[in-house]
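Starting off, we have a lone chain in the form predicted on its own, written out as structure tokens.
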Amino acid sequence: MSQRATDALFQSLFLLTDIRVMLREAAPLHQLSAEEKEKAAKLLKSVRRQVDILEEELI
């Protein structure tokens, strides 16, 4: 596994952890405010970029 793939893997895990924390804070109903939804969308976009890098490097 390349260093780039390793970095992408860890970065995606950190981003997913940020999303998990956001959902834990919104428990038990997990209803996000407009601001939180915007932040979640940005985080998910970043996760997708990291997964794209993983695909490029590993497949």
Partner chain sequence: MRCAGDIEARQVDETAINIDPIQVGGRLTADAMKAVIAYGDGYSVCDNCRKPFRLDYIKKPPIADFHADLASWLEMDACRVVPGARRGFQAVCQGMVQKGDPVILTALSHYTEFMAIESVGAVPREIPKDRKNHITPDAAAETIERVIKTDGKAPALLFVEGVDYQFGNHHDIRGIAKVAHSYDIPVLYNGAYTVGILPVSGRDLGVDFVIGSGHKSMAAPAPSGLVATTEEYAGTIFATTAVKGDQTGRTFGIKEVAMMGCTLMGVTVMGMMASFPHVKERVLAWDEELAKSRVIIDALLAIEGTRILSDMPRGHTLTRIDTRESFDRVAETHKKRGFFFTSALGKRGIAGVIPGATRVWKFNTYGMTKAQAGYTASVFLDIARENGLAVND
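Positions refer to the first chain, counted from 1. The model shown is predicted, which means the values in this text are computed figures rather than measured ones.
There is another form of the same protein, the form predicted in complex with its partner chain; it is not shown, and what comes next is about it.
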>> Just checking whether Ala34 would be counted as a contact of its partner chain in the predicted complex - the rule being heavy atoms within 4.5 angstroms.
In response: no
> Is Arg20 close enough to its partner chain in the predicted complex to count, meaning some heavy atom within 4.5 Å?
Replying inline: yes
> Would Leu44 count as touching its partner chain in the predicted complex under a 4.5 Å heavy atom rule?
Replying inline: no
> Given that the partner is absent here, does Ala40 sit within 4.5 Å of its partner chain in the predicted complex, heavy atoms only?
Replying inline: no
> Heavy atom within 4.5 Å of its partner chain in the predicted complex: which residues of 14 to 49 qualify?
Replying inline: Phe14, Thr17, Asp18, Arg20, Val21, Leu23, Arg24, Glu25, Ala26, Ala27, Pro28, Leu29, His30
